[in-house]
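Okay, so we've got a single protein chain in two different forms coming up as structure tokens, structure 1 first and structure 2 after it.
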Structure 1
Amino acid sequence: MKNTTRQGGSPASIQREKHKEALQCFLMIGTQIIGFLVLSVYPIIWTFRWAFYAYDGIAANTRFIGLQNFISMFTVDLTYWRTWANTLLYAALKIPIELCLAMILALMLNRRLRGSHFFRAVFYLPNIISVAVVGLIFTNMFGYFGWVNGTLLKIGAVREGVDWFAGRGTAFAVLVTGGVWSTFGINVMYFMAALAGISEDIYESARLDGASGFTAFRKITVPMIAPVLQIILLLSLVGTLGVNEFILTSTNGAPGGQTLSVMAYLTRQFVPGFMAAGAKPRLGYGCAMSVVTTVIFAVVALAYDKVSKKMPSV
């Protein structure tokens, strides 16, 4: 009895304590609940609503037009889909290079040679740098009067400087180089974490059975890291398809919008500070495009999840 009074043993006081705890919980995460409703949910509702309107911020021009925004983005104005094509091309070039490179480096560093901590730390360095600054640095280095052209001319690889941002192919080469440079390090970290989970004994017994080198890699390493590999792929996919700031600060779509990713396109069309000066954005139309984009991203994540679950059984 002595003990229970101290701990609030009577049913009424337990009840009171429970209420107090719940109240304190809500107070402690109060800002987050308010912020979630006002700054996350409300913008989503706002976007989905105006997608069905002709709306440019001026009340007199605003009217309900049903599915018209969606119809015109699927039939008349195909710019949006061209930016998707750019985005997919960028991803198709960048992801394989980046992941293969990261995998090879992780396998090498996993041997715990002298200095592997140092290499790992340096490889991760580009990841912590502002993507905007990365865009600026690569614009400078690949500029017409930049280091790359200067060096190519010096060693006689080209007769005259390459105008990197004047052609779609060369502009993509710059983007993929910069993109891989800035994010391969994080994948090295992921792969190393995955490899660290494989016990050395497995390789040992495989060696006794006569399997080593590439066979061991294919039969042991790949299956063992498959679950992590799926996560790495998904992260890389979502991150690469959503590329925005890096495009804006490097090619900014040059030449003529041919390297704009979908996110960079939407930002340049509708976000204050990135739009052309004095532009009157068709916000309703932008909302429709944002809705479609959101759905596509959700579908990609879901589809990927479904497909990758089946992969091991194939």
Structure 2
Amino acid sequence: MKNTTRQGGSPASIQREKHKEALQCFLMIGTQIIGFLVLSVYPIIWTFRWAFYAYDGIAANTRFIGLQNFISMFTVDLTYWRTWANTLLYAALKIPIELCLAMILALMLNRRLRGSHFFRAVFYLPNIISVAVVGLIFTNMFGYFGWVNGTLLKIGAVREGVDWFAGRGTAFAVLVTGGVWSTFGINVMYFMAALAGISEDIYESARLDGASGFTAFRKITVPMIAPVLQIILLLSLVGTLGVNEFILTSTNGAPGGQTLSVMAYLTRQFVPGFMAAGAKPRLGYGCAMSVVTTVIFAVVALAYDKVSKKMPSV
């Protein structure tokens, strides 16, 4: 029987019903579409336009300068490229520690140990805390009169307090510690979800064939969770390269801008309210820098896409 007969309505009424359902669907996603256009598409167009202008927010001072902002960025502003080096170093230090720690904890919790649900909640808890708050927490913990120095002095590990933010190495140690603590919990959850999809029968067969625990991990676990691992690595990479508020609220680039990430540099130099007192806003130059930063992020994403295709998979 035809659909029109089942519904007992005329073709015109059925068509009106379809239009009504379509309208309801568009109304449901309308907020998201408007938000995407207003908060994503329009800012991108706005940024790309003003990248070719000398623009400080005052219409009378605005003038078209073509590629001059981009030329200055590549020939004069070496600080921008130093912040990229800081960002890549931070990612190289943080991501391996974060993912290895998350994997080890996920393997332990996946064995259904007593209290595993409690530890899952504890590990995930830092992820729901604002990264700005995390930065303040670690700034106070590693301050000269903070909890870390107090503990080291109490146990006799040091004779005097350590100025953690006076040297690049110790400052990066604080950043990596805080960054790992803030985000490893969500990766534990991701890894546990991936491990839950592996049948215990596979491991049992491997044990009967004489495979060791490490061999089973390398030959079974890694290939089986490879698709999820690729996503986890991508999320960690994007989140780490885009680190901003955490840097601003913890080291704020100390010492002397040597721990400043590229996004924190953009914010501190060109976002009103974060700039130094009396600094002239160079919004056009900041827009040009944002365009170049976006292109670099895209190149990193494409490079990761090519590398991830060579990762082992099922």
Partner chain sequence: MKKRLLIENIFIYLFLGVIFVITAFPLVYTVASSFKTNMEIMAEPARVFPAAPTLENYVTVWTDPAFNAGLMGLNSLYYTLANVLIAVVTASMGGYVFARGRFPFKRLIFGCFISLMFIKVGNIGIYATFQVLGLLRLDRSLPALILLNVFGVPIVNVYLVRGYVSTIPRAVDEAAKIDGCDFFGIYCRVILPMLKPILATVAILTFQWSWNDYIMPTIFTMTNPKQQTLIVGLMALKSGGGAASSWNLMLAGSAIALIPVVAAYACAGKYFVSGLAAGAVKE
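It should be emphasised that the depicted structure is a prediction, and the values quoted were computed from it without experimental measurement. Structure 1's sequence is the ruler for residue numbers, which start at 1. Whichever C-alpha set is largest while still superposing within 1.5 Å between the two forms counts as the rigid core.
I want to make sure I have the labels right. Is the form predicted alone structure 1, or is it structure 2? The chain shown second - structure 2 - is the form that fits the description.
Between structures 1 and 2, rigid part identical for F142 and T31 = Different rigid parts: F142 and T31 travel as separate units between structures 1 and 2.
Give me the smaller rigid part's rotation between structures 1 and 2, in whole degrees, relative to the larger part. That works out to a rotation of 13 degrees.
Item to complete: After lining up the core, report the Cα displacement of L23 between structures 1 and 2 in Å, one decimal place.
Response: Its alpha carbon moves by 4.3 Å.
> Once the two forms are fitted on their rigid core, how many angstrom does the CA of F36 move between structures 1 and 2?
Replying inline: Here F36 registers a C-alpha shift of 3.4 Å.
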